[in-house]
Structures are given as structure tokens and as C-alpha cells.
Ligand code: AMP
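Let's start with one chain on its own, the form predicted on its own, as C-alpha cells.
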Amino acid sequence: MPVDMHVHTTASDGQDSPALVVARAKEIGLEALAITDHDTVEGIEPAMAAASLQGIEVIPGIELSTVCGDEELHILGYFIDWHCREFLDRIYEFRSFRVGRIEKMVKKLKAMGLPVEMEQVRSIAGAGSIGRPHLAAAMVAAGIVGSVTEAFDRYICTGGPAYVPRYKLEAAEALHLIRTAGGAPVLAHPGLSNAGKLLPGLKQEGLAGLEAYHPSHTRELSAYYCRLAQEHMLIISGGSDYHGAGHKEGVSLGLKTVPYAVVDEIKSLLGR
């Protein structure tokens, strides 16, 4: 049975609620899915509550944005203890940095004469971990741009006139945090960064797996990262990086999956 190991909800920048994501996963025949919202664990409990009714397994997870040298890396954490105090305290700091970053972007946009309000961004984000997609949606609502894509391309992409760099969490610290919370850290979509050369150091710091299967990877690239994972004795994982039907064209829940044997492998690694 297939498993999607990379799914986002409205707890961060996804478009579907945790309950809706679980219901859709059940509809398409997934045996399990990992809830991996950015810098927050708020989607895990509602997803698990829905899963208990749907008869599907939810893997508690998270996605952390990090840096390693000059490379930006995203690290997924699977089977984390989302009640771990040390972990939660640090995650709360990340969310605070996220809010401050968006506030600075709003200030830049206003200085350019563009009428976007932080209150509107907060309203769109709701209880979710606030980020650039919420700012982009607020810009669309304010009539500044015609689409989220335009907001990114013209104003808030990396190097854009209203861009503010994110807080730089070191990859080694993220790996440690996930391990502290009892989880298994897996490097997300390595094809989006020059990650191959970094694997020996990351493995030494506690990396457990590699997301070889991702919508951004060609078949050849996935095969390449499967070989790298085997070479470095890392678990081979994969997922859709689903954010909602309208987030990215062609990316649907369950687009990329792995067999349930991968979940068993992670559980075995963690002694579950």
C-alpha cells in the first residue's frame, strides 16, 4: 500500500485542513501519510483525530528550513514527539522569526506605495504558521497583483524588491532537534539544492534518510538519489509535497509515494 511522506495543511501554508487532507488520502487509497507542516506541529492532532475515524495512519512530522554552508536545505522529521518541551520551545522561536520576517516585507511593500496590511496577512494565515504564500494571497486580495505567482515573481521572490531573508537555522541543529524529539530526520527534495556533496557530513550529524521521490525530480534524478542513499546507507523516502489542489499545477496528493515498507524501516530505526 502506498504512503505519501510529505504533506502540508492549513497549519502552515497548505490549502486543505488536516481533516480534509486525511479524508482525501483515504479516498485515493493511501495507507498512511506524513503531516509535515513548516515549523509547526499544530496540524498533527486534528489529522490524527480524523485518521482514527477514517482508518488510516498519520505519521507525525515537520519540515524545517535550514542552511548548510551556502546551500538551503529542507529537513523533514518523522515520528517526532510533538509534545517534547525543548523541541516546542525552539519551534515557537522559528514561528516568531517567521512573523517578524513578514512584517518587514509588509513594511517594504508599503514603502513602495502598495496597500497591504499585516492584519490581512494574519487573517489569511489563520492559526497556521505564517509565510510568504499568505502575504502573496493578501496582495491578491488587495488588488496589488493578479495572482500569487505574480506576487512572488514581481515582489517577494528571493532577491525581489520586498524580499527579506529567512532566519538561518543550521542544518546540524535541525537534525539535533528532530533527534531530541525522538524523530528520524530525512533530507527533503535534494534535487532542489546541491545536496549530494553534503551527505557525508549530514549523515555524521544524524541524517537518517533521503527524499529521492519528489515532484521536482525527474525519473533519472530519483534514480540518482536512490543510488546516493544506498551508498550512504540512508533510508529512501518520497512524497508529493502537497499543499493543496491549487498550489502548484500538476501536484496532487499521492503523486509521489513509497511503499509502507519505508515506514516500517523508519520505525525499526527508531525502535518502534
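Numbering starts at 1 and follows the sequence shown. The model shown is predicted, which means the values in this text are computed figures rather than measured ones.
Quick note: we don't show the form predicted together with the ligand, though the next part is all about it.
**Q** So which stretch, 80-88, 197-205, 171-179, 128-136, is the one near the ligand in the predicted bound form (non-hydrogen atoms, 4.5 Å)?
**A** Result of the contact check: 128-136.
**Q** Counting any non-hydrogen atom inside 4.5 Å, which residue from 106, 144, 75, 148 sits next to the ligand in the predicted bound form?
**A** Here the answer is residue option 148.
**Q** Which residue, 95, 122, 166, 110, has a heavy atom that falls within 4.5 Å of the ligand in the predicted bound form?
**A** So the residue touching the ligand in the predicted bound form, by this definition, is 166.
**Q** Taking heavy atoms and a 4.5 Å cut-off, does residue 217 contact the ligand in the predicted bound form?
**A** So residue 217 does not count as contacting the ligand.
**Q** Is it the case that residue 16, even though its partner is missing from this view, gets within 4.5 Å of the ligand in the predicted bound form, heavy atoms only?
**A** Close contact is absent here: in the predicted bound form, residue 16 is far from the ligand, nothing within 4.5 Å, heavy atoms only.
**Q** Given that the ligand is not shown alongside this chain, does residue 152 nevertheless sit within 4.5 Å of it in the predicted bound form, heavy atom to heavy atom?
**A** Yes.
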